[in-house]
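Let's start with one chain on its own, the form predicted alone, as structure tokens.
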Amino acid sequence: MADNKNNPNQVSDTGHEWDGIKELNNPCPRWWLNSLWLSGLLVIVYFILYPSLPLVNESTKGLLGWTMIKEYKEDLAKVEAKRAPFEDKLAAMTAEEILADQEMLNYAIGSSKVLFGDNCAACHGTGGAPAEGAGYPNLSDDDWLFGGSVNDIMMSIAKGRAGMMPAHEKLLNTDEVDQLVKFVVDSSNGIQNEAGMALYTSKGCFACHGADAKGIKAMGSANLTDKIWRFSGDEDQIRHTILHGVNDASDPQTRVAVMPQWSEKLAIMLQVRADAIADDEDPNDIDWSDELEGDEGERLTETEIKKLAVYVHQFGGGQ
């Protein structure tokens, strides 16, 4: 690399020598030195044009006034400007109307992927299918504890869900637990178990799971006659659920299965609208100043929940 190509013996050395190898005092190539000085000049130019030096609360602005956050906000504004007509139209539509409008349905699904990933996928998994045995409902099948219509899904998201099954460890003896475990397994396989059904009825299990053991939507109780398991179809796991229940605060071994509430305000509005329709009243005549106090929590907006409900409904299991 040295400019001096003379005999090494004609080049001064630094006086350092290792194992007979001398360190020569050759100057660096001129192109290398020029590059070094140029890079220093570029640093000065960068300091002048861009934010560079941190201060107490911020940093130097630079002549260009550029920041990554500013560029991000400008790009986001462009995206939101393109989305605005669709968002405005979607906000004025019901979930059923969105399902019936292919253009808006495509938009709702496309714009909900990130929304679902940020708020739902941690529990329900990508595509609505959680890991086996995780204890979170599979949103891509046709089994719904609280109903699978798009409005039911909206209510589940807005209100949150926390179904409760009492622990039976102190209410059943070992033989009774074994009989009920066999009854549940047989029922899921389509096998009639008369002795198990008799015990199921006498112990009051039908009050939650229904006389036919198919579950009750209003209570969010599981259908015991299919092969879809919230937790596990393993006999030991079924036994654990019977003994310790679900969300039973009195049992430290109970299964914890709680979906958080995403909009108290929307949950109230959906319920009030449903009650008005059930009473043959026009929901458009509802005076929301009487129904809402103004301090209801909202982790997601009504439009976001509407889009998520449509998105989940299209996973394949929506009713």
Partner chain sequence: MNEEANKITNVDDIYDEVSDWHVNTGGIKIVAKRLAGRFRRLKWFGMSIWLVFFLGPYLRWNGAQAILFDLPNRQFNFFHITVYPQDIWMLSLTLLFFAILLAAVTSIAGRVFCGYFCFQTVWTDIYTLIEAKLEGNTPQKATKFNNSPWSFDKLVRKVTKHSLWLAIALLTGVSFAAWFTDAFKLWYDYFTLQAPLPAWIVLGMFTAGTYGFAGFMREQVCFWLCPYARLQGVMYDQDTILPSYDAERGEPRGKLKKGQHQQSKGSCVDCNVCVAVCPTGIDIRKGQQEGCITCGICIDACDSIMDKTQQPRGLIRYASYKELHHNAKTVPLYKRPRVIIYSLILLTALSGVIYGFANLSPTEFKVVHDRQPVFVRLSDGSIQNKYTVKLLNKTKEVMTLRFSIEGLEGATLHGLNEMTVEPGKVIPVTALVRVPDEQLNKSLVPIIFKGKVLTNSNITVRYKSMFIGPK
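By rigid core we mean the largest C-alpha set that fits within 1.5 Å across both forms. Residue numbers count along the first chain shown, from 1. This structure is a prediction, so every number in the text was calculated from the model and none was measured.
Here the subject shifts to the form predicted in complex with the partner chain, a form of this protein not shown in this document.
The candidate spot formed by 54, 61 and 171 is out of contact with the partner chain in the predicted bound form: none of the three has a heavy atom within 4.5 Å.
Of the candidate stretches 64-72, 24-32, 287-295, 250-258, only 24-32 has residues with heavy atoms within 4.5 Å of the partner chain in the predicted bound form. For the chain shown alone, residue 102 is a contact residue for the partner chain in the predicted bound form, at least one non-hydrogen atom being within 4.5 angstroms. Of the heavy atoms in residue 16, some are within 4.5 Å of the partner chain in the predicted bound form. Heavy atoms of residue 217 never reach within 4.5 Å of the partner chain in the predicted bound form, leaving it off the interface. At a distance threshold of 4.5 angstroms between non-hydrogen atoms, residue 83 is out of contact with the partner chain in the predicted bound form. Residue 227 is the only one of 203, 227, 78, 89 with a heavy atom lying within 4.5 Å of the partner chain in the predicted bound form. Annotation: Cα of residue 295 displaced by less than 2 Å between the shown form and the other one, core superposition.
After superposition on the rigid core, the Cα atom of residue 29 is displaced by 2 Å or more between the shown form and the other one.
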